[in-house]
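Presented below, as structure tokens, is a lone chain in the form predicted alone.
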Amino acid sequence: MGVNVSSDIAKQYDTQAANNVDVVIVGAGFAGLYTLYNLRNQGLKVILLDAAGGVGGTWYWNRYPGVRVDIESMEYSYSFSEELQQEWSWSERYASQAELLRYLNHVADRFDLRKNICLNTRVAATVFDEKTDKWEVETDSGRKITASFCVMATGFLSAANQPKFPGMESFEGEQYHTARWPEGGVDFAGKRVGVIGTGSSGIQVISEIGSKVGHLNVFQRTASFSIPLRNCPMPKDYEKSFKENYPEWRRLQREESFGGYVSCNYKPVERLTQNAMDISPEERLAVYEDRYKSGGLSMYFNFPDVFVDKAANDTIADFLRGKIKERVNDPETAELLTPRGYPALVRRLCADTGYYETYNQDNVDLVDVSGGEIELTPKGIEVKGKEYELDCIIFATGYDALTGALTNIDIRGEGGRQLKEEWSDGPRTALGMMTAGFPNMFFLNGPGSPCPFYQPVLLGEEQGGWVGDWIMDMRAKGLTRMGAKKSFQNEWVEHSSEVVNATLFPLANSWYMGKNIPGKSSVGLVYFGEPADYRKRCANVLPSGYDGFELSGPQK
């Protein structure tokens, strides 16, 4: 599960010299580890801080039963080192959490990153000093580190959405959250278990433990669209072909695909240019069947109009609803599991291993909580006046996505303004990488970026690369401060709103839109435009002379 920072290294970072660095990186996931590698190779003095006991980011914390990535292993990996791409072999088409963690630990060791990493170190606050153009970072132990730049690689799905149901303190059994699972695991054999939530995490847990528990009650408010993952041992010929053609695969991920996912039936997916409503029903059905057969997130490689036209979307929604009825024996249960009231694909599509079939078991029951409230009692859960006695409750309630990990830190910029207050009506960023009034602070896979629709490992690499280029260029010119112009930030937020409002995404209460958190604004959360357009805009910052940003030298 990773190696803790050694006592010798800990002593090294307790020295005064190590408390004054060029860059502090917060977060030891994919984006943070790459950025450490990149900035250190450019001669910068860097320290990476993480609250966890090991590297891995979300893959350190998410160890619940059944957890695995829903992007193909060959794609969900680093591209910065050709040697790394060639030497690492994945055992499955879709990697488990344990294998992803082994991979990230391998990367940390292979590139000697641990000497710059402090684990078990939670960042409590960061304050920008306008006189020195530096950030003062304070940890939960009271240690203070001064840095010219802060890179927040805190992850867009890392802050657990902690439920606040009435009676939680009264429940006498065990309670678990999928985002903070016990490291040693949990034995559910013979127990009465309740799972609250049927998003990606809930679906994976339910599929994994359904046959192992004594009885399982699933409490569902909103049904999700899910298709078969179709995981399997990694086909050796596929791995060989992928490695031989990595440059082209990576180009496809960055330039041609929806969100960086490019494989369909073990071949590069063909991007569809025709609209669903411009071809025959038979032709549409053939495409849907092909994507369904491939598994994973292949269904996102679809006709352009299914994301913007309700009539076109209805054709794929009806197709997916029909598949649910084929997989669930009981018609009433199948109907409850069938999503209604929102378009397909505009909430995160789930990919499962026998999820719907789990409800065909005698020891599994689905409890509809729509139109009712969940309340915990000493003995279990009560919904609509009926109590379900339980030994364990699993909260698969997801995350405070994109902003939660950042607003949980007391971040204060120019004039003492607090990031949490600045974002109270929704995060406002420039290109998803900076916020006006918080100079020298960069976000990776943050709000206002296309991170849910862009392969996150590659986006972290690209953003980490841009940050490195900007910092090195500033140092060469003797500049000490970079900040986003408020006018440019407003333009980006307005552009992002125009893009998403031209789609069907606002019609669903998804974490993309912040609707899984009561009172959370959807403004500025996600950039729904083409990833290629986003890359072009970010790559042009330096050549354009930092258009949209303000730079200055030392304060006098």
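Keep in mind the model is a prediction, meaning the values are calculated, not measured. Each residue number is its position in the shown sequence, starting from 1.
Not pictured, yet referred to below: the form predicted together with a small molecule.
Heavy atoms within 4.5 Å of the small molecule in the predicted bound form are found in one stretch of 392-400, 145-153, 424-432, 359-367, which is 392-400. The shortest heavy atom separation between I196 and the small molecule in the predicted bound form is within 4.5 Å. Within this chain, F165 lines the site of the small molecule in the predicted bound form, having a heavy atom no more than 4.5 Å away.
Although the partner is absent here, K191 sits far enough away that none of its heavy atoms falls within 4.5 Å of the small molecule in the predicted bound form. Heavy atoms of R221 reach within 4.5 Å of the small molecule in the predicted bound form, making it an interface residue. A heavy atom within 4.5 Å of the small molecule in the predicted bound form is found for one listed residue only; from N231, Q85, N161, T333, this is N161.
Between the options I324, I409, I374, M474, the residue in contact with the small molecule in the predicted bound form by a heavy atom within 4.5 angstroms is I374. The candidate site formed by G202, R347 and W511 is fully in contact with the small molecule in the predicted bound form, as each residue has a non-hydrogen atom within 4.5 angstroms of it.
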